[in-house]
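The form predicted on its own is given below as one chain in structure tokens.
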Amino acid sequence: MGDMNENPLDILPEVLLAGSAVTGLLLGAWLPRRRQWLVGLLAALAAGGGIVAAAVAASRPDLTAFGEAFTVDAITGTSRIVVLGAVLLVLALFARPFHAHPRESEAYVLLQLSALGALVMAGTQDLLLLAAGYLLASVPAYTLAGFRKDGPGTEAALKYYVIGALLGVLMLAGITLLYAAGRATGYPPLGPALPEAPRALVAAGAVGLLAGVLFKAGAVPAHFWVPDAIQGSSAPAAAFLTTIPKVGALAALLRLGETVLTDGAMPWAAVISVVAAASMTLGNLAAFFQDDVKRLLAYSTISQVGYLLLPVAVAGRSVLAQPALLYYAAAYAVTNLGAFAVVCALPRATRLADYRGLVRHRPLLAASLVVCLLGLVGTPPTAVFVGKLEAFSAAFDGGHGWLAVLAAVNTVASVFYYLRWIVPAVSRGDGAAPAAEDGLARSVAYTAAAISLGLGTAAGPVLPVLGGSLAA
């Protein structure tokens, strides 16, 4: 680790996002309803500027800021680019459904604040700042889930909030126990202190901490909110909830596994392996016979987090873990957003049968859907294929070959329910062309599918820079 300072420019992407959110909140108070799209434009400029700032910071040596509470390294740099890139795509998905909405500017502000929480979770190396990031990522997301203020939206927000509040309390209790055990909240002093602390105290604290972070990742057993919250939310909000907070939580888990809990009383690899196995298996089994497209994607995201946890399980045991997770997280984010963009493009198509004949009326949109769904399966040459391959390699390298074999079996099984959506979409059909399409969402679907294919073919030069300092 190199320099340590308190220069606000070290967290420029986070500062830009926070500044844009606050400015947007003020602008929304006096802008006319039909001009509130300017708040969304401001958010897009902040996200774009944040990506540039993150890329510049990634070309420099690793450093810490604000008393070592926040670190800028490969994990932070990659998470920043993935989260802010995903924010750009989600902003485009928000644009039409929320245009001239009475609370349009608030939607953009909530989106930015929750994304800021994900960035804080990804970059922090202090338990108190992790808790702050958790709250910042969660509270705006509860509101986004119920933003439509209809029956399903209210139920989605309520379930999301109740489970989040419960697991958030457990997380804070876990942090308290870990502080009692290690006499510190920063990761650098806590890592060496925990192996010397009472094992029961550390184990109880670690379980409480994991409860909160696994909730943000949407992993078993903290996944109960996912199906109802995703089905009840608007499609753009569901795209956000299944992507951006998950990236921040997984980065936080990787950092905890590498620096704090690997050598503690809790058997980190065994616990995360069980969570991964349960997530991928239960998610796939529940998705098999879903007819609602958002509910199917909700269970899909539970199974995907199971695969994403493979490298987390071997954090600190395999040098392949970090690049595998970071690459897979980027691949999952763009592919999952692509699938949700198709759902956003056809707001009246809520069941699998509604997609029958899509290829006849919208061949490019059907092709994008096929690329994204086959990408979620892990079909070459999509980016998720490379991500899964790297995750499996990391599991074998870390001595958890059984987990990689189970993930491969689950991958084969997942083909069934993704094909249940693909087959009607590429069949001829005889219905009329879909009505009330969202052209901007269609463009997002095309873009995401193209990025998924491009990232998959560019894996060779990308993967080496994710393993350590991006400046190396």
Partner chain sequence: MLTALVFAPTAVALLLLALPARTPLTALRLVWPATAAVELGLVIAVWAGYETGGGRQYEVRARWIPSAGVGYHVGVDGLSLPLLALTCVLFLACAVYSLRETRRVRAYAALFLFLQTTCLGLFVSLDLILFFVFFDLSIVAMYFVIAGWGHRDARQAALQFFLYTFTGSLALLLGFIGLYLAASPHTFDIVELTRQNPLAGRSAYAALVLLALVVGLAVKTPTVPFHTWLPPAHTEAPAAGSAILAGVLLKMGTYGFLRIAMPLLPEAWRRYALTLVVIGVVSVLHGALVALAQSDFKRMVAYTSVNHMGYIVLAVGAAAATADTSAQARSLALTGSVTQMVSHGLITGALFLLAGVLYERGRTYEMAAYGGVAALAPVFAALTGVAAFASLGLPGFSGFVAEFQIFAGSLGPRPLATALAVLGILLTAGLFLRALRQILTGPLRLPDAPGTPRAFPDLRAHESAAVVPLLAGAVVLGITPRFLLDVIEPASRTVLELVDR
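Positions refer to the first chain, counted from 1. Fair warning: this is a prediction, and the values are worked out from it, not measured in the lab.
Just so it is clear, the following notes concern the form predicted in complex with the partner chain, a form of the same protein that is not shown.
Q) Heavy atoms within 4.5 Å of the partner chain in the predicted complex: which of the stretches 25 to 33, 414 to 422, 55 to 63, 441 to 449 has them? A) So the stretch in question is 414 to 422.
**Q.** Answer option from P192, P221, P380, P152, heavy atom within 4.5 Å of the partner chain in the predicted complex
**A.** Exactly one residue meets the criterion: P380.
Q. Of these, A74, A269, L374, L201, which has a heavy atom no more than 4.5 Å from the partner chain in the predicted complex?
A. Checking each option against the partner chain in the predicted complex, the one that comes within 4.5 Å is L374.
Q. Is V370 one of the residues lying within 4.5 Å of the partner chain in the predicted complex, judged by heavy atom distances?
A. Residue-level check for V370: yes, a contact with the partner chain.
Q. So in the predicted complex, does any heavy atom of P464 sit within 4.5 Å of the partner chain?
A. P464: yes, in contact with the partner chain in the predicted complex.
Q) Are any of the heavy atoms in A404 no more than 4.5 Å from a heavy atom of the partner chain in the predicted complex? A) Residue-level check for A404: yes, a contact with the partner chain.
Q: Could you confirm whether D126 comes within 4.5 Å of the partner chain in the predicted complex, counting heavy atoms only?
A: Taking the distances in the predicted complex, the answer for D126 is no, it never comes within 4.5 Å of the partner chain.
**Q.** Heavy atom contacts to the partner chain in the predicted complex at 4.5 Å, residues of 382 to 407 in sequence order
**A.** Going through 382 to 407 in order - heavy atoms within 4.5 Å of the partner chain in the predicted complex - the hits are F385, V386, L389, E390, F392, S393, F396, D397, A404, V405.
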